[in-house]
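Starting off, we have a lone chain in the form predicted on its own, written out as structure tokens.
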Amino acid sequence: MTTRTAASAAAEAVRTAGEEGVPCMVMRGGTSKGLYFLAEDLPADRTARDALLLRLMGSPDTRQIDGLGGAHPLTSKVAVVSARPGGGVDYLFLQVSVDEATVSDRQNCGNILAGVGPFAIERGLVPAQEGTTSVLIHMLNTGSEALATVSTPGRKVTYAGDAAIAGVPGTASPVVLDYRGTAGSSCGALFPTGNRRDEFAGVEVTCVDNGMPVVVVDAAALGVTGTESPAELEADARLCAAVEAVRLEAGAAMGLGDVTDATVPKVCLVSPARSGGTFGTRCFIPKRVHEAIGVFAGASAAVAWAVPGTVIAELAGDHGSDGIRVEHPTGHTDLVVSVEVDRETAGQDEPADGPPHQSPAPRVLVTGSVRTARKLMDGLAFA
């Protein structure tokens, strides 16, 4: 499509949505909030689709005052869902920038994922069963899958329940997520650089991809404790510059190319747990600091913790347990992560003479979590 034709299609999509509206459901998924659409209700042309989403969100504008966005990356997200031939659904996650006219599909989002199962059932893509309904979700951003189990008493989605997750007031019905094929889903390998430790911009890091490309850094290596609030970290110009320098070098080494304008990799500062968890986190996403932590970012950091020889492996915690509690600014996220790894040789120095260690590469066996979701609004959104 030529530039002129693409621009015309974008203008027409915005004009039509401005006059007629576009079917849209607003949902909280995990600790994020976003707009959920059926793929058939959005323009097939990417330029037109992105122009429409920017208009609906009210971007670019730091307040998103003229749209549905919440003036923060965590509340400026989109899920595009469609029926998948053979069963289940396809899910495309889009991050809509708040203050820039960009829409990115270079990452996944495990929080918005929590709402995809309920949305698919509500829209009739998957028939509701009595008690609970399982929805197989194919994540187009990474090619991985998740099986979501949704509460459907009386064959209707219920959002009321007793499950609580940190960072969300009150309780709601649990959405159990069993992730599949997350290891290396964005970068092609669980440890994309081929190493468990690297040094970028003078800082020792571990680069890992278990559903989200993440650069794990010991907070102390950057001169902070890892207990600071997101606002304090964002106000530290020296720290932010150091984090970005690490991110740019690591992104290239992870096979992501020039990540200057990309939303991945994330940089996760880790520290010893303070509240009974496994370890603490402060996650740059990438310019702002997450008020909690993304599910897949947490899952990636958890794998780094579980594998000997990484910058986080010796922080604290019981490595004999698959249950991992990731602490973050507003509480914690509980994950189940099981990694098969040879602990006898992993992380050891190579012998001075003789062949190098031939320990097998770590293999992720299980990645799972319990999240919640809530339908906030269902109707027409106008551009």
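Note that residue numbering begins at 1 and tracks the sequence as displayed. Please read all numbers here as calculations on a predicted model, not as lab measurements.
From this point on, the text means the form predicted in complex with a small molecule, which you will not see here.
Would all three of Leu74, Asn111 and His290 be in contact with the small molecule in the predicted complex, where contact means some heavy atom lies within 4.5 Å? Every listed residue reaches the small molecule in the predicted complex, so yes.
Could you tell me which one of Lys266, Arg123, His138, Arg196 places a heavy atom within 4.5 Å of the small molecule in the predicted complex? Only one option qualifies, and that one is Lys266.
Heavy atom within 4.5 Å of the small molecule in the predicted complex - the one residue of Gln107, Ser82, Ser151, Ser271 that qualifies: When the small molecule is considered in the predicted complex, the option within 4.5 Å is Gln107.
Quick one: find which of 274 to 282, 180 to 188, 294 to 302, 224 to 232 has residues within 4.5 Å of the small molecule in the predicted complex by heavy atom distance. Of the options given, it is 294 to 302.
Residue-level contact is defined here as any heavy atom of the residue lying within 4.5 Å of the small molecule in the predicted complex; does Val78 satisfy this criterion? Close contact is absent here: in the predicted complex, Val78 is far from the small molecule, nothing within 4.5 Å, heavy atoms only.
Counting only non-hydrogen atoms and a 4.5 angstroms cut-off, does Met254 reach the small molecule in the predicted complex? So Met254 does not count as contacting the small molecule.
Consider Thr333 of the chain shown here, and say whether it contacts the small molecule in the predicted complex, taking contact as heavy atoms within 4.5 Å. No, Thr333 sits far enough from the small molecule in the predicted complex that none of its heavy atoms falls within 4.5 Å.
Do Val205 and the small molecule come within 4.5 Å of each other in the predicted complex, heavy atoms counted? No, Val205 is distant from the partner.
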